[in-house]
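In structure tokens, the next block holds one chain alone, the form predicted on its own.
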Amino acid sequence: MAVVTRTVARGVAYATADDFVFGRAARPVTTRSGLVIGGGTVFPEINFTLPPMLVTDATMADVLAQYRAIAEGICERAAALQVPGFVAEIETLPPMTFHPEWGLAVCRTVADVLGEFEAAHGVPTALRLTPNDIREGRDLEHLWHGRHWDLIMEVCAGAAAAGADLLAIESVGGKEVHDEAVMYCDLATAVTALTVLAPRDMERLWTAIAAIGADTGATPAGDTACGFANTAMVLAERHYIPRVFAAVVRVVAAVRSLVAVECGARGPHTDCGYEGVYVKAVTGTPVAMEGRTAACAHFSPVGNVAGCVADLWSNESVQNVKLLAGPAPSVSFEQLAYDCRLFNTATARGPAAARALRDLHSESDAGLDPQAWVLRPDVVVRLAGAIVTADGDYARGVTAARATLEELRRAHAAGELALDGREADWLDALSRAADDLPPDAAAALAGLDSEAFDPKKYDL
């Protein structure tokens, strides 16, 4: 296994929120087709999946036909709507990672359609491949070797040859512990999972993915905390856990997601990681974001504010089912395309117009939910600046938790953020818990009480 090489971010890419806006990143990414992400234009990123059906050797012909039809429908709308470029994302389903040849065949099928579209219309596209992280379950031998690891590496290694431009993943190191933490709103365990266990995994995983990118030409893009922070968000939306806890988890998750960039990822960060705004604030890498257009996959309280600094605007994952207008992926793509037109029209009017549209997106959501508040561009820049002053992932996580709770308390006291009595009580309880967090990573691990945690899988 490659020796971990990590360059830790010590500052932020944006001194103030003035230039922290959609479509512009301090470090744009240019794909092989010439699509410049973060260079001034917001592009749609369409994410799609199969309708309910089995994925087996016997059904693979039907699976590939589904993906070809999805891609052709998207390209048809792209031509009709005169989009200046777009990204398509394939998130492999578990069988497609357990059988890499299936996932790579899907990738080739979609890549072929995109290539045909580029040749016919001269419009650049890019394909993102996001292998499903199968490294969980009772039969997992180890996070960094054994069958599960080897299969993921095989998909990643074959991605560029199969037509993928961008390589991403939603990794699960630490998730088994974090799931328990979310169930009990246990802040100490959540911070340990996100800033001790998850970075330990991501250092190894992203060193390997970055090396594959260097060897194959695929751009190592990023790693989202979907399984961590989005799990908390969805549970909060269903009133199972407090929203203030989910908001704190979102910011602490940024510490974990930064590791991918520090180990070689270049962006764009993937759509379902709303903590990507913190990654952009610190590193300047472009980000994909999803908001109101992700309602096809999950509800959220951040439908507008999520678009404030988006460089790609996405829809999460939509099934290929028939709607009145046509296939759902084509419908989702049209919604994304119109949103991007508005973003880009504001940009064309000048920085003041772009900031005005950004701020309207922010103000329409931010005061109604703590999870939206922590995505405000000014709040993000302020909290990101605090996080990077700490030395080490765990210290960053503690700083993130405490600074976030302080920010929420300030905004609530000022009448800027609405919290009901239950949420206000949880804000007090979590603040006390933050004051009592273990002093360092070693103490946090020593105090970890989790039935799901197997230290051997982390070489601990």
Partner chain sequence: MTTVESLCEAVQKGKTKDVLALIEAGLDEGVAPEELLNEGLLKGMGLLGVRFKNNEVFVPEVLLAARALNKGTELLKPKLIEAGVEAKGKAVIGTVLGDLHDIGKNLVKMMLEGSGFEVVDLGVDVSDQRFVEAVVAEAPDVLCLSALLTTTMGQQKTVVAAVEAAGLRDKVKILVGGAPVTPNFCAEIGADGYAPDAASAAELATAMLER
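What you see is a predicted model, and the numbers here were worked out from it, not measured in a lab. Residue numbers count along the first chain shown, from 1.
What comes next is about the form predicted together with its partner chain, which is not displayed.
Contact with its partner chain in the predicted bound form, defined as any heavy atom within 4.5 Å, is confined among 86-94, 326-334, 353-361, 246-254 to 86-94. None of R32, R402, R68, R422 but one reaches within 4.5 angstroms of its partner chain in the predicted bound form through a heavy atom, and that residue is R422. Proximity to its partner chain in the predicted bound form, defined as a heavy atom within 4.5 Å, singles out one entry of T189, T109, T231, N344, which is T231. Contact annotation for A162: none of its heavy atoms lies within 4.5 Å of its partner chain in the predicted bound form. When its partner chain is considered in the predicted bound form, A433 lies well away from it, no heavy atom lying within 4.5 Å. At least one heavy atom of P52 is located within 4.5 Å of its partner chain in the predicted bound form.
In the predicted bound form, its partner chain sits within 4.5 Å of a heavy atom of Y240.
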